[in-house]
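As a starting point, one isolated chain is supplied in structure tokens, in the form predicted on its own.
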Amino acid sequence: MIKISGLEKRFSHDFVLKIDELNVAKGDRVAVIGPNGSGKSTLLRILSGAIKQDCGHFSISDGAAPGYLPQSPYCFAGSVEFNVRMGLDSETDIEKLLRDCMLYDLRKKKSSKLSGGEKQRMCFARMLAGKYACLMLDEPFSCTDIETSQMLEKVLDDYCRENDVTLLFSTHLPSQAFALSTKVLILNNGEIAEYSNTSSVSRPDSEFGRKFIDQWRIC
């Protein structure tokens, strides 16, 4: 589904991302984790087409642009329902989607009047409305409370299962990573420290991976 080869990105003459090779199979759900500044957001931004790499290349096999949800998603002027309909695929049940994302009662509310968490839910729903085969999510529920985040995780999990979606998402939450992913990608200084099945990531091969997971689990 996604193939990466020799991908590099620099900012201020320093490498932010340097990935020699990475393959993500169709239907895989990859949690992208690592310390702050390890390249998580940069990787997702490149794969989504938001920014260009300096060298190397990647391909997404279906040829279509992926759905992308940045940390600070963009809201169009207008109501919540108007915003969600901006990405609407003809097969999407808009009323069900609004209800699933806890937006139905807010559907007539102007986007400018929403809280940070409500805006994030609205933009998440707009992305799901597009019925993308591949999704890139950067800290997707960082502005929501724990209960809301867990409900949205269930919505995302169901969506991926029902539509055989390939998913890459960054997160700082161990519970979210292990609940949603089939694989875990650990980045360190822009390079891959570990890439393995979620079930085996508790025993990373690399020294950095072991130290990071041990520390991460207690955060």
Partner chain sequence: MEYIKQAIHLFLSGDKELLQIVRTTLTMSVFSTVISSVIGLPIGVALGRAEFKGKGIILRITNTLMGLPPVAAGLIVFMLFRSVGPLGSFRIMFSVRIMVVAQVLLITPVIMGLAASASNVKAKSLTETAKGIGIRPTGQIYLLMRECAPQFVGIMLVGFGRSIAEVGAVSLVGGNIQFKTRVMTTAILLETNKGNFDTAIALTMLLLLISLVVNTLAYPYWRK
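Positions refer to the first chain, counted from 1. Just so it is clear, the structure is predicted and the values come from calculations on it, not from any experiment.
What follows is about the form predicted in complex with its partner chain, which we do not show.
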Every residue in Leu167, Phe178 and Gly209 with a non-hydrogen atom within 4.5 Å of its partner chain in the predicted complex? no
Can Ala64 be called a contact residue for its partner chain in the predicted complex at 4.5 Å between heavy atoms? no
Should Tyr68 be classed as touching its partner chain in the predicted complex when contacts are defined as heavy atoms within 4.5 Å? yes
Does its partner chain come within 4.5 Å of any heavy atom of Arg45 in the predicted complex? yes
So, Met86 and its partner chain: in the predicted complex, are they within 4.5 Å at any heavy atom pair? yes
Tell me the stretch among 22-30, 159-167, 45-53, 178-186 that has any heavy atom within 4.5 angstroms of its partner chain in the predicted complex. 45-53
Which of the residues spanning 66-101 lie within 4.5 Å of its partner chain in the predicted complex, based on heavy atoms? Pro66, Gly67, Tyr68, Pro70, Ser72, Pro73, Tyr74, Cys75, Phe76, Ala77, Gly78, Phe82, Met86, Gly87
